[in-house]
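First comes one chain, alone, set out as structure tokens in the form predicted on its own.
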Amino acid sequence: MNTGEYTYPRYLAAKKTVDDRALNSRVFQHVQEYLSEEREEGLNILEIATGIGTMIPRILSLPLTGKVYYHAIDLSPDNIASAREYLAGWAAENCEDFRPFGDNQFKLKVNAAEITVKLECADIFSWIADNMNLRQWDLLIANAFLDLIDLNRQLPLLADLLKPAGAFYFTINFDGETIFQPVSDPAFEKKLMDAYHKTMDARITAGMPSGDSRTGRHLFTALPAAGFDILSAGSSDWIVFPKAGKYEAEEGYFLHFIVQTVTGALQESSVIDSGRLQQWGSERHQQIKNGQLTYIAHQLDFYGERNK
């Protein structure tokens, strides 16, 4: 995926530090406690829409024991290629052993855990339809993904992947607030953000609805209806601001990509003047270059178990 001159894999790499701050620590503590339980048959983890694989080290860095199988799926071949490089780089610094084998598969030894990681390029819902993978996973992970699907139609398909009492960790679910500061024209800024959020509500993928701008709050009813019991939830807001005119790590690139995403989504808008939109985008890009832009997006994390 390209957004103007910006590439999606680099955006995913740039947002790692943003996610690191945003992920709710209390919700993540529940994940750590769940993964620390003894299991005679080993641990099977499935991550969907894995991107470039930044969640994999977060999970594998926990105090795991025994045999762990981590299957990571993403639709984009570029993301899978980047995930392969990212995992190898992390393993070189953090693993006692790292051996590639087969097709995008790897053996790792981390402390007391013997881990197999498999990266696979596939559409998750086609993969579910084509494979007999129901009720075999101990933990299901989805980061910044559920706001891109039709919750009522597709969440039950994800619930069926988990073993009875298997756990889920669903993170960075957008919940209807996008804030850029400073604001020179509050009335236009509100009109622009409202129109941007409506593009999420109107999104169609393969002829079907796919996501909405208030997914976070809707999950409180959609998850139980689909077969998930929520045990923990908390905010995971993206907050990016300059310190002494500088952004952390590659977060300037992250901000440029976000601004380009907003302007790209509204290029064909019937309610936003194209010239005014272009001016807004140019001003925001310049503010990033000058170390002046602050960005906030409201999101929610969830942890829980499949209904028994």
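Residues carry their position along the shown sequence, with the first being 1. Remember, it's a predicted structure, so these values are computed and weren't measured experimentally.
A second form of this protein, the form predicted together with a small molecule, is not displayed here; the remarks below concern that form.
- Proximity to the small molecule in the predicted complex, defined as a heavy atom within 4.5 Å, holds among Ser76, Asn104, Thr199, Ser232 only for Ser76.
- Of the listed positions (Ala49, Val31, Leu64, Leu255), a single one reaches within 4.5 angstroms of the small molecule by any non-hydrogen atom in the predicted complex, namely Ala49.
- Against the small molecule in the predicted complex, the set Asp19, Ile124 and Ala144 is in full contact: each member has a heavy atom within 4.5 Å.
- Between 246 to 254, 49 to 57, 32 to 40, 268 to 276, the stretch whose residues reach within 4.5 angstroms of the small molecule in the predicted complex through a non-hydrogen atom is 49 to 57.
- The small molecule in the predicted complex comes within 4.5 Å of no heavy atom belonging to Leu161.
- Put simply, Tyr8 is close to the small molecule in the predicted complex: some heavy atom of it is within 4.5 Å.
- At the 4.5 Å threshold, heavy atoms of Lys15 reach the small molecule in the predicted complex.
- A residue is said to contact a partner when one of its heavy atoms sits within 4.5 Å of a partner heavy atom; Leu148 meets this definition for the small molecule in the predicted complex.
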